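There is one chain below, alone, in structure tokens, taken in the form predicted alone.
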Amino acid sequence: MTMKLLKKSIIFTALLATVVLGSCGDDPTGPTEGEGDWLEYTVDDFTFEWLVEDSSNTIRVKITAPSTGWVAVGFDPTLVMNEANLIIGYVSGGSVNIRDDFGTGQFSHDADTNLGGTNDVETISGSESGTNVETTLEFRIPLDSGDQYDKALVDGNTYTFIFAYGNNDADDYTSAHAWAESASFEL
């Protein structure tokens, strides 16, 4: 186990008490070593995997949820969704659609571009399976885009993350979530 991973595991354990558990009540697993330097956080059936790419000052993210609708992750909200850098997307007809949003209120968000900001998400891939009822999105965002509607992220700092997904076939950016959860841990 690398020292970085050991440090992250210790900090995660200390922060576990602050995790806000919701709908299903399963205990989340902490960051674990994956392929290369990938780390993983799983709560209920939602998986958040990340890799900080130091050479490009970006974070590569893969999110997987048990839905054929939209899937989202939010970085560092102030309250519920407010001021979070939200990445939300879905797969429809084999086409991957991912958008860079900003939490405009506790229960609202809008595209950065609609607010005068920039779209700073790079789509890598996406897939959907009706058989397994699962959607996976993979994308990359800058650690600090300079956009006022994106939070600057620092590798090794602790942040609150929000995770959510929509109902099956909710292929849009606006329908209500079927499930949502939040957690705090070190990036």
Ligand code: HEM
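Residue indices: 1-based, along the sequence shown. Just so we're clear, the structure is a prediction, and the values are computed from it rather than from any experiment.
Absent from the display: the form predicted in complex with protoporphyrin IX containing FE (HEM). The rest refers to it.
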| property | result |
| --- | --- |
| Close approach of Ile162 to protoporphyrin IX containing FE (HEM) in the predicted complex, 4.5 Å, heavy atom | yes |
| 4.5 Å heavy atom contact, Glu186 and protoporphyrin IX containing FE (HEM) in the predicted complex | no |
| Non-hydrogen atom contact Val80 with protoporphyrin IX containing FE (HEM) in the predicted complex at 4.5 angstroms | yes |
| Partner proximity in the predicted complex: Arg99 to protoporphyrin IX containing FE (HEM), non-hydrogen atom cutoff 4.5 Å | no |
| Within 49 to 83, the residues that have a heavy atom no more than 4.5 Å from protoporphyrin IX containing FE (HEM) in the predicted complex | Trp70, Ala72, Val73, Gly74, Val80, Met81 |
